[in-house]
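The form predicted alone is given below as one chain in structure tokens.
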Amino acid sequence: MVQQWCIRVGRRQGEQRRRALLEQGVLDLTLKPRKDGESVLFPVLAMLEGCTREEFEAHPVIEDLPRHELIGGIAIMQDRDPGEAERLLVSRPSIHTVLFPESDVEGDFRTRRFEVLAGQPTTRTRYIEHGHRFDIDLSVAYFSGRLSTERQRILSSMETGECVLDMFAGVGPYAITLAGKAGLVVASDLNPGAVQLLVRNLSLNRTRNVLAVLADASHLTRVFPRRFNRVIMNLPLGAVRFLPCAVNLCLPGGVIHCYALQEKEGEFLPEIEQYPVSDVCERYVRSYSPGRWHAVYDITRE
């Protein structure tokens, strides 16, 4: 047994907090979390607020696997190495395919091209997040599980019965998550393949208060005269240019969550503050690449 600093979390919040600690890079992966009554104890690498010292069992030695992102049964490798892909496939029974991205996210439909390095020749998989199931085709619509904690943060900040607009819905991770509290979610996307998968996922999760819409986000003010309590703008490479539409569709006192990739703190604040907003809170979401990170601006409409 090894002594280490730890965070104590209620069992119901365990998975959400584990993901958050993992994304922050403070979860001690060499030690096994353990249950203690109605709590889960997570070992952490530094003394954080509320930490205590507890004893933990060490994990067995973890095989040094190549860098990858796991989405359902698909692993996306950062390096094109078929030999390492085969090793990764053998090491993780849950993986059925290993891919390498041949392109960045590109085009109006925000898709990527992939090469199959190992396993089944497919880009389709099923992904599970906080009890929701999503059918995904990575060549048809962009998807990342790395915003799971962010989706839960927004869900926890919502009031029951809100009217929500998801301007770039993709296969529906935000729309279906927020539907748990919302009265209505309008989920829009320009990509027909993404909307087809969104409709499939609404059925898969028996979600009945989400309206799927195939539309260009810049035209939504012509489609919906109603205003929304909350607007999601998860288009990191271009959401800011759609702010005029989002502001027009958001009720006074409502909140717009605008995601962006940026190289310096507050990079988009001058542009955002040109609009009628009463408050802006900038949050770090995750690292994206050296010198660049994923941020969200929580904007309160004036």
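Residue numbers run from 1 along the displayed sequence. Computed from a predicted model, the values in this text were never measured in an experiment.
There is another form of the same protein, the form predicted in complex with a small molecule; it is not shown, and what comes next is about it.
Stretch-level contact analysis of 232-240, 64-72, 272-280, 29-37 against the small molecule in the predicted complex, using heavy atoms and a 4.5 Å limit, identifies 232-240.
Candidate site formed by M77, T97 and L117: none of these residues places a non-hydrogen atom within 4.5 angstroms of the small molecule in the predicted complex. The single contact residue among A85, M167, I176, L197, judged by any heavy atom lying within 4.5 Å of the small molecule in the predicted complex, is M167. Contact with the small molecule in the predicted complex, judged by any heavy atom within 4.5 Å, is made by just one of A215, L204, L155, L211: A215. When contacts are judged by a 4.5 Å heavy atom cut-off, N191 counts as touching the small molecule in the predicted complex. When the small molecule is considered in the predicted complex, Y142 lines it closely, a heavy atom lying within 4.5 Å. In the predicted complex, the small molecule sits beyond 4.5 Å of every heavy atom of R112. The small molecule is not drawn, but in the predicted complex it has a heavy atom within 4.5 Å of R151.
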